[in-house]
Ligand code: 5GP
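Heads up, the chain below is alone and in the form predicted alone; it's given as structure tokens.
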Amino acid sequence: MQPIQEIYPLLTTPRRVVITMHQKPDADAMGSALGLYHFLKQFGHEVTVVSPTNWARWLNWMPGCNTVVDFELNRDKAEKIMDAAEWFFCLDFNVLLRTKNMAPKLRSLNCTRILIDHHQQPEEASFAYGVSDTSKSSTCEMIYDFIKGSGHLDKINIEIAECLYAGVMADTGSFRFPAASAAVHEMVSYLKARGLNHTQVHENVYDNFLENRLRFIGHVLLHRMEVYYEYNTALIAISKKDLLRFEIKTGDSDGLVNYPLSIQGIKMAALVIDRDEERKWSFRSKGDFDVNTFARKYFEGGGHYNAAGGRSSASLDQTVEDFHRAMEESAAALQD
């Protein structure tokens, strides 16, 4: 994988470009994709964003979101667009498998794949150019760096600013996580100088849900959260029945894993959701407990030191039992 800087001189030559992100894109994935989309279009590139799956309805406010193609919903259209691509930007994921059912098609393409990501252990052999930097707060911050590094900061307009701010705000927990570095705040300062209305973006991301989601959160915290003070850990296990009862859609559970971290003394919070094809795990931690290693060791996952995900093909009851064993085996680190 050659350094991302190698493509800077090539940006002014129009190409057919496709941008994608991980399945079930969140604010950082969608924001980085659409931010790059609005940037590249200014050079005359023919640009399309293809999402591997559907996305949360509360992301639809993002400028350009109405142009995004859902691979699973419009497979023939998506594959035709992908076949014509000369450049294929892969954002906010480290391995092609993170694009779910799109992965085999993406791997087979005869085009230049370009990686921009901040997760550990990237699949470098699959990309011609790229940058992987785990010190970065978000992929949106990395898109800002890409634009700045190419010498075209002047092309950041309101559309780009809104998309990038949404992603960096979400991935830093509204700038409270350690990854909210001085560089992040300098980025936000520049976006504000370009006319960004940060209050409106915050409302679009955090005040844009239906009533059922709030009632779902109350139900889950009251009935589905277990706190293991002897391990400084909290677990939320959500059944398929819960999802159906509250009519939970893609994105409605985003951020739920963070709630237990507000409990005094809790070092790790875990969330498992019973999906149709598998059980999906989310892990968050405070301090020096490494959930990336925890997720990789026990739940076929990974991510960042304090934020990671995983999966299990076992039943919900069984994967919760597996978590109990994993928690007990990690007792020394959790109790330290």
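Note that the structure is predicted; figures quoted are calculated from it, not measured. Sequential numbering from 1, following the sequence displayed.
FYI, the form predicted together with guanosine-5'-monophosphate (5GP) isn't displayed, but the following is about it.
The closest heavy atom approach of Arg113 to guanosine-5'-monophosphate (5GP) in the model of the complex falls outside 4.5 Å. guanosine-5'-monophosphate (5GP) is not drawn, but in the model of the complex it has no heavy atom within 4.5 Å of Pro52. In the model of the complex, none of the heavy atoms of His45 sits within 4.5 Å of a heavy atom of guanosine-5'-monophosphate (5GP). Using a 4.5 angstroms threshold between heavy atoms, Ser285 stays clear of guanosine-5'-monophosphate (5GP) in the model of the complex. With the partner left out here, guanosine-5'-monophosphate (5GP) still marks one of 53-61, 274-282, 35-43, 66-74 in the model of the complex; by a 4.5 Å heavy atom cut-off that stretch is 274-282.
When you look in the model of the complex, the only residue of Lys105, Arg98, Lys136, Arg213 with a non-hydrogen atom within 4.5 Å of guanosine-5'-monophosphate (5GP) is Arg98. Residues Glu300, Gly301, Gly302, Gly303, His304, Ala307, Ala308, Gly309, Gly310 of 289-321 are found to place at least one heavy atom within 4.5 Å of guanosine-5'-monophosphate (5GP) in the model of the complex.
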